[in-house]
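Take a look at this single chain in structure tokens; it is the form predicted on its own.
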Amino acid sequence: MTTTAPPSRVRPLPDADTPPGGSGGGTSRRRVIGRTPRAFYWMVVPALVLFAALHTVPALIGIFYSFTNYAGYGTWDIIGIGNYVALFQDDRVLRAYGFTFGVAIVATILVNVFSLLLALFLNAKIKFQSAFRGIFFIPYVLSILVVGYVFQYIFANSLPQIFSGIPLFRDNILANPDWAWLAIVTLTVWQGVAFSTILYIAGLQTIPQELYEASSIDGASTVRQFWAITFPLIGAFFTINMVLSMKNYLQVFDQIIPLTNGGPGTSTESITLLIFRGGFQGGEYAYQTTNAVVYLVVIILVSLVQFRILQRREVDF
């Protein structure tokens, strides 16, 4: 046997802004909205509309076209998940994934190692500290295409003459299908170290000097201080640098165009280059749109996994 309790009549608590005997929460909410500066809406609403028009709407249109056979011109029909099934059976796409992830992983590791070492140097008490910081930041503001053609000349002409005794560099490394990726990684690291260094310097400057002074009194060496104090306390900056680096290098494109243009053959063809070529030059608009949709999901998953793993080792102080 069950009994039904009479409905309780709970009187809502009066709003803090509601005057005694006032009409209730509606009036309070109107007052809160009325206090919001209009400049807030003038700044936020246009940005939101532009974001939706230039980012969200094209993304949704792209997802729609991934279920069609649209070639970029003419008529088209809806074909369901046919593009997605074909994508996972395409050897060229799988090779591009392998090349892209290889370059991204190697470049991410090297960029973070070099930038952390450089940040430690630039954060030390050295002469001309500001000048050095400015010099090492220059690669980040240069056009990667312009620098890429300079590197292309160096790899194709200068290195074969300078290192004529080394088999790897005796011939043009850019024409070697097994080692051309090394040139792309070199350019990527050279250009990417600057930005990561700035983030690491920002992290190093948040560490209290009292911790180093106390550890020095206890006899801790410089290496011990780095692993026990410095590296744990810049954990958040290490996480964001790793995630941003991996995300950016999974979209490697500008470095490949001036150096190898995807060659020799398709040995240095990245996912983004494949999408560009097939979608805009090869009449595979819907198919490569499918590739782009899948790749978007892959990048999001990789970033989430990185955050999940790396944030566990962050230390607060």
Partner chain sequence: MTATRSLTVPATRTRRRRRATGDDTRKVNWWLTAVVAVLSLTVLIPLYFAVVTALKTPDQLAGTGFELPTAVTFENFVNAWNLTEFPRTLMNTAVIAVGAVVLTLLTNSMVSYAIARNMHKKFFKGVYFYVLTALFVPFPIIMLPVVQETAFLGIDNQVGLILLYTVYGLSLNVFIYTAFIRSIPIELEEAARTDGASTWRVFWQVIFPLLGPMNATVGILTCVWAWNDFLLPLVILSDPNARTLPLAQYVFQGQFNTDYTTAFASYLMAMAPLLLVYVFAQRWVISGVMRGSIK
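The term rigid core refers to the maximal set of C-alpha atoms that superpose within 1.5 Å between the two forms. Here the structure is a predicted model, which is why all the values come from computation and not from measurement. Residue numbers count along the first chain shown, from 1.
There is another form of this protein, the form predicted together with the partner chain, and it is not shown here; the text below is about that form.
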Report task. Counting only non-hydrogen atoms, choose the one of 176-184, 226-234, 124-132, 98-106 that falls within 4.5 Å of the partner chain in the predicted complex. Result -> 124-132
Query raised in the report: Would L48, F136 and V150 all count as contacting the partner chain in the predicted complex, using a 4.5 Å heavy atom cut-off?
Result: yes
Report task. Using a 4.5 Å heavy atom cut-off, state whether Q205 contacts the partner chain in the predicted complex. Result -> yes
Requested in this report: Using the partner position in the predicted complex, report whether S267 sits within 4.5 Å of the partner chain, counting heavy atoms only.
Outcome: no
Requested in this report: Evaluate I201 for contact with the partner chain in the predicted complex, applying a 4.5 angstroms cut-off between non-hydrogen atoms, and reply yes or no.
Outcome: yes
Report task. Answer yes if any heavy atom of A214 is within 4.5 Å of a heavy atom of the partner chain in the predicted complex; otherwise answer no. Result -> no
Query raised in the report: Of L94, A86, V146, V113, which residue is found within 4.5 angstroms of the partner chain in the predicted complex when only non-hydrogen atoms are counted?
Result: V146
Query raised in the report: Listed by sequence position, which residues of 281-312 have a non-hydrogen atom within 4.5 angstroms of the partner chain in the predicted complex?
Result: Y285, Q288, T289, A292, V293, Y295, L296, I299, I300, S303, F307
Requested in this report: Spell out whether the Cα of L60 moves at least 2 Å between the shown form and the other one when the two forms are superposed on their rigid core.
Outcome: no
Report task. Classify P46 as shifted (yes) or not shifted (no) between the shown form and the other one, where shifted means its C-alpha moves by 2 Å or more with the rigid core superposed. Result -> yes
